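A lone chain, given as structure tokens: the form predicted alone.
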Amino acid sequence: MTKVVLEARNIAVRFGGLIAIVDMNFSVHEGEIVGLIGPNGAGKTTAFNVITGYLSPTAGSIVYRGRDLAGLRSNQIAGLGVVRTFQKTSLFGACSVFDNILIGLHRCGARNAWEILLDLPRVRAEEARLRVLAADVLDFIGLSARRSELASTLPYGEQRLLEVAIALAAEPSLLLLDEPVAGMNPSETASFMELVKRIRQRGITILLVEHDMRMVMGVSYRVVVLNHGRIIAEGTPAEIQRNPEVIEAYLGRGAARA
């Protein structure tokens, strides 16, 4: 068994009288692709928000590579290598595709304000280095031909790819993908599945939330199932597809034959 990189320990989230998550426990191991699934309102995005510091749990803890993330801001957690995308595409629409990647690379830069103002040689060298990295990310994601176009003019599927590229530019060691193929057609989804596998081959561990079961079952090593804020099952895709409680709560009767 590979090293555990992320642990959710007894996580509970309440909003007043509304219970969003109840005693959630699961782990993600180094190099895995783990799918987190469940019906709408099951608590999946809430779990992502807790892991990435956008929301503090009512109880429990998130531990990343042995470090408790309690009290850390989202940018500090990203600085540790935990980077996410969002359900709704979040881009800098008025900027070029290439500049969107440069913005994502800001975490890798080592410049300070005075060095930039003085236009020191070190700043120019750093800028050149980041531009090379940005070009590499665009090439990897398959958007090099679009580098000069405004992000807002890209087709929807390519906007989703650009959001992943921005996340990759932040050099994650754990990448959280929140419904990455929502709105994509079957061909785009199939291409994205191959991209996820290639990202994992780069040594990046992946936790994803997605409603497209063909995608989830096709790329995940393990699947965790939430329903009404509780984990009701965890296992391989084959085990999850055969689980009666999961079929009843989410997958539907046809899943057992899929």
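Note that the structure is predicted; figures quoted are calculated from it, not measured. In this text, residue numbers run from 1 along the sequence as written.
The same protein also has a form predicted together with a small molecule, omitted here; what follows describes it.
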- Message: Heavy atoms within 4.5 Å of the small molecule in the predicted complex: which stretch in 185-193, 35-43, 65-73, 213-221 meets that?
- Response: 35-43
- Partner-free chain; cross-checking the small molecule in the predicted complex, the single residue of S173, S144, Q87, S96 with a heavy atom within 4.5 Å is Q87
- Message: Can you pick out, from E126, D136, E179, E149, the residue that has a heavy atom within 4.5 Å of the small molecule in the predicted complex?
- Response: E179
- Query: Any of the heavy atoms of L18 lying within 4.5 Å of the small molecule in the predicted complex?
  - Reply: yes
